[in-house]
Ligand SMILES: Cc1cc2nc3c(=O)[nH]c(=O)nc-3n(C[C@H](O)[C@H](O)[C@H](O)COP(=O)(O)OP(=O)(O)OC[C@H]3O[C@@H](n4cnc5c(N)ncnc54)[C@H](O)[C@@H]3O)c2cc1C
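Just one chain is shown here, as structure tokens, and it is the form predicted alone.
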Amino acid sequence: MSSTPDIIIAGAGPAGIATSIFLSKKGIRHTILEKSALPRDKICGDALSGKVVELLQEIDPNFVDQCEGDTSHFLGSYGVRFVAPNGKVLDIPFKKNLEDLQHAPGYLSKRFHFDHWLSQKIDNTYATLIQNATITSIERTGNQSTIRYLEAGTEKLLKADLIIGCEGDRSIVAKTLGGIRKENNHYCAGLRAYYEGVTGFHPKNFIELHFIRDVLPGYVWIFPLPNGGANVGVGMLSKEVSRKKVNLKSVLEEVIHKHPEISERFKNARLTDAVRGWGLPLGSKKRRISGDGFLLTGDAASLIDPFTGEGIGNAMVSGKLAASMVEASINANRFDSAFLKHYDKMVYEKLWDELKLSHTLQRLTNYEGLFNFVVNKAAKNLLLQETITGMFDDLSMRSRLKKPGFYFQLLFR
């Protein structure tokens, strides 16, 4: 063990950069390996939740002011629109009193812009960012990992006392050191397309989740973007894609061109980029996300919300917690599995109740009639509307959904 432990972050997305920022705040030196050159695209829904905004404020309140002022790259979003299979619309604001807000509770920003903007917050005093560095192998020997990577076609090598996997759903750290494999019951297939000229958005730029019969259990999303753009996509549980032999691209095209309500909004719209696909490892089951010499964050740790598909917030939260675990490991001079398992506890204490509830809501979409019923009731029931808003505004309010009395009021009020 060297006097200064070698800390490596794999991946410079939101999880990796958040880990780096919080490590730098603690004065801990580290190296980031990013396989691409920034800025680069990342297939995503491009929604920055209230969790992201809160973390940005914690890091530096000026960051949110920058988002608010950069209207070319950040669009303020104030709520979510749920559309049930029967067409019933339920609008839920992210905060109770929108008129009192000093800034938007959430934002929409292409990952091409957001990741690049966030990467500029990396503190070079403590962080060394190596771009175009594709990890080819990781080998654990004794108390260290040997990381081989290609940089400009040349193979290079680094030693790590601790490596943090932040490379998304295809994480080599998760596969090699964590033994994590794709599980279709807990994995979502998604497609994303960029459009311009889509009409009919909410005046407060609500994101839209359309639970259409042919896509259940899943949904079509339509998110407004800066400069009149739109992020449009479809996500569906991989198990169901395989079972029903669904062609997601055909389904998305069918919805855009033939759905009674949606097609009218795309009458003069234009596709501005190729339709691209990616995978979403869902946080619908607990996994071991640490081990000898490694931690996993974000999508690499399968922390995507099973119901909404949102992953950036959980990625950044887990990055912050990973930085705390790294600090504790350095202070204790321990990087073994028995010590690092405390990281798993921290992550799931923070996120599991939320993920478990979202998994329940995801399963609800299997039952079209019941889902229609809940949305219909919510549209008329202020209690449920306030509770759903509270799920975005104050995570402690999620505990209301665990009380039988809540469901009695839902059904009979």
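These numbers come from a predicted model, not from an experiment. Counting begins at 1, following the sequence as shown.
One more form of this protein exists, namely the form predicted in complex with the named molecule; it is left out here, but the text below deals with it.
Next item on the list: Quick one: find which of 77 to 85, 242 to 250, 306 to 314, 262 to 270 has residues within 4.5 Å of the named molecule in the model of the complex by heavy atom distance.
Entry: Contact-bearing stretch, as computed: 306 to 314.
Margin query: Each of 36, 45 and 279 within 4.5 Å of the named molecule in the model of the complex, by any heavy atom, yes or no?
Written below: Spot residues vs the named molecule: full contact, yes.
Next item on the list: Decide whether residue 23 counts as a contact residue for the named molecule in the model of the complex under a heavy atom distance cut-off of 4.5 Å.
Entry: Residue 23 lies outside the contact set for the named molecule.
Checklist line | the named molecule contact at residue 377 in the model of the complex, heavy atom, 4.5 Å | finding: Contact check for residue 377: no, nothing within 4.5 Å of the named molecule in the model of the complex.
Notebook entry, point to check: Given that the partner is absent here, does residue 166 sit within 4.5 Å of the named molecule in the model of the complex, heavy atoms only?
Noted result: Looking in the model of the complex, residue contacts with the named molecule include residue 166, since a heavy atom lies within 4.5 Å.
Check: Is there a heavy atom of residue 134 no more than 4.5 Å from a heavy atom of the named molecule in the model of the complex?
Finding: Within the cut-off, so yes.
Next item on the list: Taking 4.5 Å between heavy atoms as the contact cutoff, choose which of 356, 29, 40, 363 touches the named molecule in the model of the complex.
Entry: If I apply the 4.5 Å criterion carefully, the residue I get is 40.
Note to self: If the cut-off is 4.5 angstroms on heavy atoms, which of these, 206, 117, 221, 94, is the one near the named molecule in the model of the complex?
What the structure shows: Answer to the contact question: 221.
Next item on the list: Go through 11 to 32 residue by residue and record those having a heavy atom within 4.5 Å of the named molecule in the model of the complex; state none if no residue qualifies.
Entry: Contacts from 11 to 32: 11, 12, 13, 14, 15, 16.
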